[in-house]
Ligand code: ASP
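Just the one chain here, the form predicted on its own, laid out as structure tokens.
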Amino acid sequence: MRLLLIIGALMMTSPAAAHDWKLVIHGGAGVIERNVLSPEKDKAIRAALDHALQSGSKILAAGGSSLDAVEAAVRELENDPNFNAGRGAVFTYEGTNEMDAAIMDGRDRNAGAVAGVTSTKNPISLARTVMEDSPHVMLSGEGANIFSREKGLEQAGPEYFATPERKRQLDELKANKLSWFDVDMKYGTVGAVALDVSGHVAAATSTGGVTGKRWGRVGDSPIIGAGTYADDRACVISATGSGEYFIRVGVAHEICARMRMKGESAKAASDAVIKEMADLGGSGGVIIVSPGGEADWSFNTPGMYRGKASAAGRNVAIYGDE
């Protein structure tokens, strides 16, 4: 009898039983309201979010790593022109597409990031290659482009990234002398965070930046600790929003630090830091997963493209009241 009790206890504490996999994704936050999106656009975005969730979920359900899952989910979002990343990246003021991305492994806090890349079809995969196959954390501009070609990543010409809708937004900005926020009405970063059955977390974030950006502007997405962070001791974060404010607050790291040092829940920590960022004048949101299985989000905008998945199923949402 005693032997049976010991075996039962060991089974209850096995890694597979202790960790149920989780995946959370986002596709941007901002002035996203029912009167802004057409029914057709609403349907297309929900389908795209669900497709990205399916891609990452398939890996996690099979016992794969959180790192593989977040890369797969973000690649799907980069390939969809509905989102400001990869193929749907916005235009700079000069009429080019410059993309940023970052990925981070919570096991050892290894990370890779790229900024201002122009010809890699999937910038998130380039960020992972920087992490795994270079001595650096971040590469930028033409150096990152050269590294991408040297490593054999799939390239794409300007015509692949240049979608008509993004060109229209740039033309509107110039014609009416608007700020980028007036044109886009949202922050279009995409991201994914995950917990795998082994209890490890990972984050991936990718963006085209903001319409009309100039002078090689880089936002928070590729900045480790600002828009992207992963730590098995605390949590994993991917952010979307007014990047300059996320950088100033160090939003992603700040949330994880509150959870690790103060013992706050994922929701309490993320709500507190989003409020701190908002008090400075910033807006946007984060998605978050903890090693203990909390999966949530926090945002101070009218909406955020987002979705969750676990062994229990998948769901996606757009508006703040969902």
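Throughout, we count residues from 1 along the sequence that is shown. Note that the structure is a prediction, hence the values are computed from the model and not measured.
The next section is about a form of this same protein that is not shown, the form predicted together with ligand ASP.
- Taking the partner from the other structure, ligand ASP in the model of the complex has no heavy atom within 4.5 Å of any heavy atom of Ala115.
- A residue is said to contact a partner when one of its heavy atoms sits within 4.5 Å of a partner heavy atom; Gly212 fails this definition for ligand ASP in the model of the complex, lying far away.
- Contact annotation: Gly219 falls within 4.5 Å of ligand ASP in the model of the complex, judged by heavy atom distances.
- Residue contact check for Gly188: one or more of its heavy atoms lie within 4.5 Å of ligand ASP in the model of the complex.
- Exactly one of the stretches 70-78, 142-150, 241-249, 116-124 approaches ligand ASP in the model of the complex with heavy atoms within 4.5 Å, and it is 241-249.
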